[in-house]
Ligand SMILES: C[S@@+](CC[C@H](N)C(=O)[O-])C[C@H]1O[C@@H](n2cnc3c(N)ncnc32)[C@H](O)[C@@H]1O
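Let's start with one chain on its own, the form predicted on its own, as structure tokens.
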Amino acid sequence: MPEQHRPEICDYEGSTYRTDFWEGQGREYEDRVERIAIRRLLPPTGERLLELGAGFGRLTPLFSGYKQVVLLDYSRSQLEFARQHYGDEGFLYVAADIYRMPFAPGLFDGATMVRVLHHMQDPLAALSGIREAMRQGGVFLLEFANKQNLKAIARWALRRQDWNPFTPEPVEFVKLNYDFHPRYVRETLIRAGFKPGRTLTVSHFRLDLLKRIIPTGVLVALDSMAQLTGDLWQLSPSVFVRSEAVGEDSPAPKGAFWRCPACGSFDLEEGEDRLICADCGAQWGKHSGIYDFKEPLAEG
């Protein structure tokens, strides 16, 4: 993708997202109900799974049934933390832009993207790239922030917000933070080459007051039951959709794994600390166990 047309990236490099948002921050409820949804929708075993926006690896243990899990994130520091915890056996760590992923087509039979789409300025481009990296029949599990949630509906009805939760277009409520209408997401998945299937609604009780007065286990049990209504209506702040990769896979040489983000070549030679594209000469770094495709190394 030419530089001037690349969407903006939400960069968590060096952030304290793990400690400031998750650990000890009262989000055990959200974490547990998301894990329930993933277990319900994603096949427990497979060959190779791509975890998009893996971050510090909060959800990575759920994918232990796959022979290889590729953790992709734009933040090297987040991936470094994940690698310290999970090591290299069965895992691969890749710092890259979702819009320019460095993988050969048809590489993955599973993929997940949780709490990531809400940062995507161009959802169709992101989802199309994911479809290309997957093989036909592969399962893609997508979570998105739902524009049509009960809180937004109430605020709109009381004229406390100016955007309509029922219209299909995304709303950017903070820079590079988007809420999406379920219909928009399904239509975009179809355009990208997926067949949307089972839907679960998640985090129905994501209110600080409820989390303070009701035991977490009770909220989780209630949410687990409420998730099952997701195919009927979507009014929760978070929605999970299981989709199947459909249509023909893009051609790739047998056994190809990497693809140069700069020129699209499959001919990358691996050195001790870098990958070198034999066609365009671009060099991509490899350090601390992480393949770095964010930007090519400077010449010389």
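Predicted model only: the values in this text are computed from it and were never measured. Sequential numbering from 1, following the sequence displayed.
Omitted from view is the form predicted in complex with the named molecule, to which the following refers.
Colleague: In terms of non-hydrogen atoms within 4.5 angstroms, which of the given stretches 242-250, 46-54, 265-273, 229-237 touches the named molecule in the predicted bound form?
Modeller: Residues of 46-54 come within 4.5 Å of the partner.
Colleague: Heavy atom within 4.5 Å of the named molecule in the predicted bound form: which of A111, L127, V202, L72?
Modeller: Flagged contact: L72.
Colleague: Of these, A96, V139, A145, V171, which has a heavy atom no more than 4.5 Å from the named molecule in the predicted bound form?
Modeller: When the named molecule is considered in the predicted bound form, the option within 4.5 Å is A96.
Colleague: Check, residue by residue, if L150, F180 and Y184 all come within 4.5 Å of the named molecule in the predicted bound form, counting heavy atoms only.
Modeller: Looking in the predicted bound form, the three residues L150, F180 and Y184 all stay beyond 4.5 Å of the named molecule (heavy atoms).
Colleague: Closest heavy atom of Y12 to the named molecule in the predicted bound form, within 4.5 Å or not?
Modeller: Yes.
Colleague: Please tell me whether any heavy atom belonging to L219 falls inside 4.5 Å of a heavy atom of the named molecule, as the geometry stands in the predicted bound form.
Modeller: Although the named molecule is absent here, L219 would stay clear of it in the predicted bound form, with no heavy atoms inside 4.5 Å.
Colleague: Decide whether L59 counts as a contact residue for the named molecule in the predicted bound form under a heavy atom distance cut-off of 4.5 Å.
Modeller: Yes, L59 lies within 4.5 Å of the named molecule in the predicted bound form.
Colleague: Please tell me whether any heavy atom belonging to R206 falls inside 4.5 Å of a heavy atom of the named molecule, as the geometry stands in the predicted bound form.
Modeller: So R206 does not count as contacting the named molecule.
Colleague: Could you run down 111-140 and flag each residue that has a heavy atom within 4.5 Å of the named molecule in the predicted bound form?
Modeller: Residues within 4.5 Å: V114, R115, V116, H119, M120.
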